[in-house]
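One chain follows as structure tokens, the form predicted on its own.
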């Protein structure tokens, strides 16, 4: 039972880091990015090829280095941010709404095909494996102790990311992103550089996605294209929507509900003879039903984003007076 709880908490912490990154892109900036899980995958792949050592026949992959795990994670994050800079520089220049989503979907599909078909890159559809206890030898931990250590590491990284995103949430940059999300034309009229601001948010979110992917590689010890499932992206979006789009605390709560709660609870659904796919299919159906219910009855999520509006209670035009208002961002993803 203890090992199971450690596994669930470790996976939940990693998915929370990913969701916080996606929340910057979608929750704050308003860009519905379908390429996000590609940055997670790149972070996982880069971490593996930078740590597992040279390839041995019949496997083939690039680099094949034996760098320390923390350094490999840092380089994986940088790789994800560089890729996001390239994709974002193209997609964010003139595209918004559904057009932006289509371009990012095309980008992640190209990555998927290239990774699977070009075997010398990351060993094709077989993927890369062999990252067992990446820091266990250095710390002198056995397999049982290492799982607790890795859980602590993931939670520590999550806390750091949570503190940084919370601080960024109330900064000028965070407020600028919200102004762009609500009305780009009005924000531009006040001097906001729409393209540069959105690109910064996109790269930052992808960096957190790469960080989550790097930790995910250490958790799974392997990665291959079969993990590039649209379901993973849907679950991240579901966690953000259920918890509260734009809300840092809400995103973490959404991951606890959708990943650590709903996904794990549905694993205990009864199996039907000769129908091995019944439970996984029903899990997706339940996820979809939850999304529909929240969009219909509580689109702002469980913990809505806390926003501010001007208030002049005395009727004297005091622009500095503000009132906290709990509300949720609009879900419209139409083209601007």
Partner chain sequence: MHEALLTLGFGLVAAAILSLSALAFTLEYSVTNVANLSHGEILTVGAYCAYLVQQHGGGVILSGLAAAAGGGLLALAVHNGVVDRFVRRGIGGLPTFIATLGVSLVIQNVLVIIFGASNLGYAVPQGAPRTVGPFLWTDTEIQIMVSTVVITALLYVIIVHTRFGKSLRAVSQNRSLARVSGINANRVAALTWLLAGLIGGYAGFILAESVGTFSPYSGFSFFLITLTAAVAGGLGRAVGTLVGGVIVGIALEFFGGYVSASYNLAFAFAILSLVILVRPRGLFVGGRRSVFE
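Under this definition, the rigid core comprises the largest set of C-alpha atoms superposing within 1.5 Å between the forms. Numbering follows the first chain given and starts at 1. Worth saying up front: this structure is predicted, and the values here are computed from it rather than measured.
There is another form of the same protein, the form predicted in complex with its partner chain; it is not shown, and what comes next is about it.
By the criterion of a heavy atom within 4.5 Å, residue 114 is counted among the residues contacting its partner chain in the predicted bound form. Its partner chain in the predicted bound form is not approached by residue 61, whose heavy atoms all lie more than 4.5 angstroms from it.
Using a 4.5 Å cutoff between non-hydrogen atoms, residue 288 counts as a contact of its partner chain in the predicted bound form. At the 4.5 Å threshold, heavy atoms of residue 71 stay clear of its partner chain in the predicted bound form, well away from it. Of the residues given (265, 102, 159, 139), 102 alone sits with a heavy atom within 4.5 Å of its partner chain in the predicted bound form. Only one of 67, 302, 55, 34 lies close to its partner chain in the predicted bound form, with a heavy atom inside 4.5 Å, and it is 34.
Judged against its partner chain in the predicted bound form with a 4.5 angstroms heavy atom cut-off, the residues 2, 12 and 222 are out of contact without exception. Stretch 183 to 191 is the answer when you ask which of 142 to 150, 183 to 191, 214 to 222, 250 to 258 has residues with heavy atoms within 4.5 Å of its partner chain in the predicted bound form. If you take 139 to 160 and check each residue for a heavy atom within 4.5 Å of its partner chain in the predicted bound form, you get nothing at all.
After superposing the rigid core, the C-alpha of residue 280 moves by 2 Å or more between the shown form and the other one.
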